[in-house]
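One chain is shown next in structure tokens, namely the form predicted on its own.
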């Protein structure tokens, strides 16, 4: 099997890819750039009809390459509502196996999590004075303490889980496209900075895509891509 990857953004590596603070710069600067689609919302009544900046990751790893690393699934009722509206396969019970299959969770080991998947997650171990000051009002109001927001219940307060490995950002691009040794091979070639214009079909079968732009990255003789 031959695999070609078409990606609208860059392959972010080095400090910008690994450092959470540096990576978030692409999201916090309110403008479009190579790593951020930088959308603007429609006028919002709550903002006195102003539009708001909406960052969206662009490049290998998508939003995981520029976000704050937080891993939080949707609420189970959202998935169950989708199924109830006539979308079979979208209930929480249906999607949970895919969540667990993707995870290599370093903290939680139960029916809600997996530990053999390609993407690393762990509970955030960082505590700051801000953490304590945020927790105190919750304790005073007798809010429940929740150790796992992706477990049996999402109600409560505590630290979140993050997509991190060895103290560095670990997004889906690292897990699937630039995998560590021993995992699935990288694509045979990929086009970066390429926008898909349309898919090309033969009958009912998609046989290719037509793109605008692109910088082809071909594999080196050893199997790894030339970067």
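It should be emphasised that the depicted structure is a prediction, and the values quoted were computed from it without experimental measurement. Numbering follows the first chain given and starts at 1. Basically, rigid core = biggest C-alpha set you can superpose within 1.5 Å across the two forms.
One more form of this protein, predicted in complex with a small molecule, exists but is not displayed; see below.
- Among the residues 196, 41, 33, 159, the one placing a heavy atom within 4.5 Å of the small molecule in the predicted bound form is 196.
- In summary, the region of this chain contacting the small molecule in the predicted bound form, judged by heavy atoms within 4.5 Å and restricted to 135-143, 82-90, 116-124, 68-76, corresponds to 68-76.
- None of the heavy atoms of residue 174 is located within 4.5 Å of the small molecule in the predicted bound form.
- Contact annotation for residue 3: none of its heavy atoms lies within 4.5 Å of the small molecule in the predicted bound form.
- Superposition of the core reveals a Cα shift of 2 Å or more for residue 36 between the shown form and the other one.
- Residue displacement note: residue 56 has its CA displaced by at least 2 Å between the shown form and the other one (rigid core superposed).
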